[in-house]
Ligand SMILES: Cc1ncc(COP(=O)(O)O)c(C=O)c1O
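Presented below, as structure tokens, is a lone chain in the form predicted alone.
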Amino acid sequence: MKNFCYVNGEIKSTSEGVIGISDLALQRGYGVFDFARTHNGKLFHFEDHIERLHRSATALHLKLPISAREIREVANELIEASELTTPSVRLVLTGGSSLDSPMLARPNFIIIAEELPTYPREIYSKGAKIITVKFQRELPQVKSLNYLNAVRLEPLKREKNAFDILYHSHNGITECPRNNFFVFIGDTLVTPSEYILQGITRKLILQLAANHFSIEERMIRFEELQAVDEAFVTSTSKFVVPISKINDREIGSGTVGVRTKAIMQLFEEYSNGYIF
């Protein structure tokens, strides 16, 4: 199967794409990335992903070497050249090869065409389980390469047969490592607004739900989980996944709630009709 990547101006097979071992991404975990998917054969809200990558890069004093237009052109070229069923694109900007670590160097910019991950259908029809862990990500507004805690917790997630981890701290309930978190308390849709990564799907859900539900963007206290009627998580790769259990407590009736189903339907209609 053909699969291609872009590394600092050159398009190569992914098996040939390399950067130096002195790069700060390897030496210090310093760098940012973003991940965009296709839907119905089109890159889905790609400009939003590029903008977020730019914000993340700026926060870490890194500069993208090519324009947004060029990034889109390269992404489309990689998708067309690669043999993927449902393509996605990973954008990676590293701290660069530094001879005096941890001094910043010229960044390496990488774009990789990948197969979009798939998930069991039953998590959408029956809901998924998440477990809570006390943790606050450093620089949560930055989509950094540092997923140390998420990887460290993978054995716990598997032990508990959980779909994902839900972080909480003195800042309240925040997010999952790769998902934003929403709850319904009655007919009100509530989601954290601070100390999180601002997800692209999260933004779309808030826009779509605005004409159908009351919305509160605010801190969710850990104790409030006891009063939650429905819950779901969102991400680029998964779209909307209903949550039926948090730790050992069923949410609502333990099935996918009617309000969550309405959100899923709204997003499905929007994404199926999406035209760039």
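A residue's number is simply how far along the shown sequence it sits, counting from 1. Everything numeric in this text was worked out from a predicted model, so none of it was measured.
The form predicted in complex with this ligand exists for this protein as well; it is not shown, and the discussion that follows is about that form.
**Q** Does the 4.5 Å heavy atom contact test between F135 and this ligand in the model of the complex come out positive?
**A** F135: no, not in contact with this ligand in the model of the complex.
**Q** Taking 4.5 angstroms as the cut-off for heavy atoms, does K143 touch this ligand in the model of the complex?
**A** Contact with this ligand, yes.
**Q** Does N179 reach this ligand in the model of the complex if we count a contact as any heavy atom within 4.5 Å?
**A** Result yes; N179 sits at the interface with this ligand in the model of the complex.
**Q** I200: heavy atom within 4.5 Å of this ligand in the model of the complex?
**A** It does: once this ligand is placed as it appears in the model of the complex, I200 has a heavy atom within 4.5 Å of it.
**Q** Only one of these stretches, 121-129, 105-113, 87-95, 170-178, has heavy atoms within 4.5 Å of this ligand in the model of the complex; which one is it?
**A** It is 170-178 that comes within 4.5 Å of the partner.
**Q** Heavy atom within 4.5 Å of this ligand in the model of the complex: which of S244, S56, T236, T38 fits that? Just give me the one.
**A** Looking at the other structure, the residue within range turns out to be T236.
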